[in-house]
Structure formats: C-alpha cells, structure tokens
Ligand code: THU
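A lone chain, given as structure tokens: the form predicted on its own.
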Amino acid sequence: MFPGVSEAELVRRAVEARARAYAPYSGFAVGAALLAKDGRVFTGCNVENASYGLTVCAERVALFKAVSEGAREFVALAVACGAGPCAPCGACRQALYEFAPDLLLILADGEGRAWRTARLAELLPHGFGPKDLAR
C-alpha cells in the first residue's frame, strides 16, 4: 500500500505499542503507529496520569515523537484499541490535522485482527488548520 509499509504492518506496530500503554485508571490501552512520507514509522501509546487532564493519547505521542525527529509530512496512522476499532479523539484529530488533513486512518481492534479505514477529513470536517490563520 505504501512504499515498504503495508496497512497490516502499521496495525502490527500499533498493537505492539498498545502493549506498552500506561492506563491504570481507565484500563483502556491504545497504541498508534504513524507513517511519515519518508517511510519512517513513529509509535506511541497512551500515558495516563492521576491528574487526568495531563493524560496524553497514543496518537499525539506518536505525532509529537515524529515532529521532534523532524518529520512533518504523514500518510497514514494505525490506531489499535479495545474490542473493536475506535477512532482518535477530537484533540488528536485536531493535532493530526495540523500536518495531514487527508491522513489515512487505519482503525483496528486491540489485537489487530479487524480494521477499517477512513480519512481524517471525514472525521474532522471543516477542520481548523494553518490556512485558517492567513490574514
């Protein structure tokens, strides 16, 4: 599907990242694998905190790792969580939209056995991005 990386491989990497989640409060472990345009894959897991507002989602962990390593263009993100496929929360959708409004999302169950795809723009219609700041 992508140069050197398949949907199945991204899902596998998201499932691996999910195993490292720190979710003692919700018990809801999430893993993410973000594919940069240059072929690098950045993973993340959710990290909860006793001060709930400081919790960070897996998708944003992967995104922030990627940006901190110089990646700015992304083509796909796999998310693995729960008993069935789930989509990124609103905060994650907005953070991802900053860099890749048409990002392919691969939404998988926690074991990576079933998934579906969607485009970020479908899940965040009329998103707010850098172009909206033009004066």
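Fair warning: this is a prediction, and the values are worked out from it, not measured in the lab. Residue positions are given as counts along the sequence shown, with the first one as 1.
Only in words, not in the display: the form predicted in complex with this ligand, which the text now covers.
Engineer: Work out which of the listed stretches, 34-42, 96-104, 48-56, 67-75, brings a heavy atom within 4.5 angstroms of this ligand in the predicted bound form.
Structural biologist: Residues of 48-56 come within 4.5 Å of the partner.
Engineer: Given that this ligand is not shown alongside this chain, does residue 89 nevertheless sit within 4.5 Å of it in the predicted bound form, heavy atom to heavy atom?
Structural biologist: Residue 89 belongs to the contact set for this ligand.
Engineer: Would residue 62 count as touching this ligand in the predicted bound form under a 4.5 Å heavy atom rule?
Structural biologist: Answer no; every heavy atom of residue 62 is more than 4.5 Å from this ligand in the predicted bound form.
Engineer: If you look in the predicted bound form, which residues in 11-38 sit within 4.5 Å of this ligand (heavy atoms)?
Structural biologist: Sequence-ordered list: 26, 28, 30.
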